[in-house]
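There is one chain below, alone, in structure tokens, taken in the form predicted alone.
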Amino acid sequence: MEPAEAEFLAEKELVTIVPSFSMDRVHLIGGDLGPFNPGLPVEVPVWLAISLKQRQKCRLIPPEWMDVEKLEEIRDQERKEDTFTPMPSPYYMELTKLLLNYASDNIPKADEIRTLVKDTWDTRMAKLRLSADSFVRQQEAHAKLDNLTLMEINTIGTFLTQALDHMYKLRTNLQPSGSAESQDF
């Protein structure tokens, strides 16, 4: 899966906006949205929030977890634990990128948030590299991927599948062939 595909999936997540226009409920295949009333918060998918924000039709309210104090706690917890800790959203990295690129003026301390999310990502990637290295060295046959996000699995997936394929080829080449003809006459 490409990173753009993971980002596409993230755009279906709901965020809260405060519209500056009036509109009745909209019926879409994915569900009903609205009604939209000026000044009244409403939840919409990220893709719609970004579109409305670009047309200056709404103000975006950042997700509850997109707060400096909460992200500092998450980063510190991730650094402390040997295993992967649960993230506030399965699409935390993609949502951060999208919301900060298109609505940073609606997000307090946007630069600090960007840095904290990047620090958390870097910590998790370092853990993932260490886990993958240990996995390959110990010649494991399966791995537990608890608390990893789609983007994180996507990042390491190609490497792991290639490493497992090489390990399989090495193992099969080292095993004596059972179909070789006997030397006995």
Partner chain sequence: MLSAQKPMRYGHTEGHTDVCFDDSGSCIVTCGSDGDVRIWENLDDDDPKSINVGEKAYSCALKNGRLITAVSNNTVQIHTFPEGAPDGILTRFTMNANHVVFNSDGTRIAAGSSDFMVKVVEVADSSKQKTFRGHDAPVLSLSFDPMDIYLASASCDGSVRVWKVEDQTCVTNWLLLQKCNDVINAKSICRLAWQPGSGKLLAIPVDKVVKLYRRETWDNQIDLSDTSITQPLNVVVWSPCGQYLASGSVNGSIVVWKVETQECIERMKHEKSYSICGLAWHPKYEQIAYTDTEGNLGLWEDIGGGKKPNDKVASTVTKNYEDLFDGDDDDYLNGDMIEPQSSPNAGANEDHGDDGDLMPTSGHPRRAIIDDDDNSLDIGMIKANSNLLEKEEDDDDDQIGGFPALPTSSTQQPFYDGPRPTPRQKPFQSGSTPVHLMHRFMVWNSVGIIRCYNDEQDNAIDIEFHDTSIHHATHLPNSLNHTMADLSTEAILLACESTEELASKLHCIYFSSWDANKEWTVDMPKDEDIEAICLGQGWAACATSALLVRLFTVGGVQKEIFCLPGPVVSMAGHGEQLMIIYHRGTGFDGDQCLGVQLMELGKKKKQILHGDPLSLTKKSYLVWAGFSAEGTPCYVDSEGIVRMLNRGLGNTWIPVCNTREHCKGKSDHYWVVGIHENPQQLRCIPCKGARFPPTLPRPAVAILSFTLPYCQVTTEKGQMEEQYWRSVVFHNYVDYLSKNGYELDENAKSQPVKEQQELLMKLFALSCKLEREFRCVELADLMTQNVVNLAIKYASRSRRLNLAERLSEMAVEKASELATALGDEEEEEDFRTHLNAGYSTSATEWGRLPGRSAQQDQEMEEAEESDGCEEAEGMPEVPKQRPNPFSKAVSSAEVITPKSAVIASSSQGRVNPFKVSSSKKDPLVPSANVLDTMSKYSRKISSSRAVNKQSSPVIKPLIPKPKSKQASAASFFQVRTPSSSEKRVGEREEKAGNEPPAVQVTAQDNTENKRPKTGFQMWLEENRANILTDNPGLNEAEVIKEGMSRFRILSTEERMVWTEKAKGGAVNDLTEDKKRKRPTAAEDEAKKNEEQKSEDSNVSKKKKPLDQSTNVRLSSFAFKQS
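Everything numeric in this text was worked out from a predicted model, so none of it was measured. Positions refer to the first chain, counted from 1.
Unshown form predicted in complex with its partner chain; subsequent notes refer to it.
Using a 4.5 Å cutoff between non-hydrogen atoms, K53 does not count as a contact of its partner chain in the predicted bound form. The shortest heavy atom separation between V68 and its partner chain in the predicted bound form exceeds 4.5 Å.
Applying a 4.5 Å heavy atom cutoff to its partner chain in the predicted bound form picks out P19, S20, F21, S22 from 11-28, in order along the sequence.
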